[in-house]
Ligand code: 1GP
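One chain is shown next in structure tokens, namely the form predicted alone.
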């Protein structure tokens, strides 16, 4: 019999990084920032301390666009490049790994498990490292909530959030991602992050609505282990907001 999926190189990299403090991911949308533009953003983000590049964001990103972005970013930075997929059609060779994530609170079973059955052989054929992850959308959810057909977890509903997160862990997922949605007016509430972190033994990722060092500090103090930002670099580049976020992450890493 085949046992659990072995931990791959990217997961090992993350485990080692998390052993010394919180981690920051930069999310780049290849539709908005194709190939060389994506490489430029990745290079700048990594130079400021970001430790992993995610590629994704839009619905309907083609395999060709994703592949070109992955190739360009891989040539530009030394950190892992990971696909943040919206479906099997956005998978492409050239990246190091893929977030193999179940949208836990979707009403659409395709996004909970069926699309994964279609994607798994593709992931294997492309030699992408799958990173098992539970993905939980928190209100307001924004566009991902609409497209994902989710019942967003209310911002004060700590019990549901911890229940979903624990279920993800018990099902063998090795990360849980709390997502307020790209462009959300505020990040996931600190009490929810604190409750989830206290309930699970897997790393807690938080994304959506993080726009400043103050936002980052609040989430880090609540127990977030990985912060993901994307909209801020699209709207402001490497301005004070993005730099402030990275400064707080570096501070907790003793840098």
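It should be emphasised that the depicted structure is a prediction, and the values quoted were computed from it without experimental measurement. Numbering follows the first chain given and starts at 1.
Below, we turn to the form predicted in complex with SN-glycerol-1-phosphate (1GP), even though it does not appear here.
A.B. asks: Verify the contact flag for residue 189: yes if a non-hydrogen atom of it lies within 4.5 Å of a non-hydrogen atom of SN-glycerol-1-phosphate (1GP) in the model of the complex, no if not.
C.D. replies: Output for residue 189 is no: heavy atoms all beyond 4.5 Å of SN-glycerol-1-phosphate (1GP).
A.B. asks: Please determine whether residue 207 contacts SN-glycerol-1-phosphate (1GP) in the model of the complex, using a 4.5 Å cut-off between heavy atoms.
C.D. replies: Flag for residue 207 set to yes.
A.B. asks: How about residue 70 - does it come within 4.5 Å of SN-glycerol-1-phosphate (1GP) in the model of the complex, if we only consider non-hydrogen atoms?
C.D. replies: Judged by the heavy-atom cut-off of 4.5 Å, residue 70 is well away from SN-glycerol-1-phosphate (1GP) in the model of the complex.
A.B. asks: With the partner left out here, check for me: in the model of the complex, does some heavy atom of residue 80 sit within 4.5 Å of SN-glycerol-1-phosphate (1GP)?
C.D. replies: Answer no; every heavy atom of residue 80 is more than 4.5 Å from SN-glycerol-1-phosphate (1GP) in the model of the complex.
A.B. asks: Within 4.5 angstroms, counting heavy atoms, which one of the listed stretches 60-68, 225-233, 36-44, 194-202 is next to SN-glycerol-1-phosphate (1GP) in the model of the complex?
C.D. replies: Every other range fails; the passing one is 225-233.
A.B. asks: Only one of 160, 169, 182, 102 gets a heavy atom within 4.5 Å of SN-glycerol-1-phosphate (1GP) in the model of the complex. Which one?
C.D. replies: Of the candidates 160, 169, 182, 102, 182 is the one lying within 4.5 Å of SN-glycerol-1-phosphate (1GP) in the model of the complex.
A.B. asks: Who in 114-150 is close to SN-glycerol-1-phosphate (1GP) in the model of the complex, meaning a heavy atom within 4.5 Å?
C.D. replies: Heavy-atom contacts within 4.5 Å come from 135 alone.
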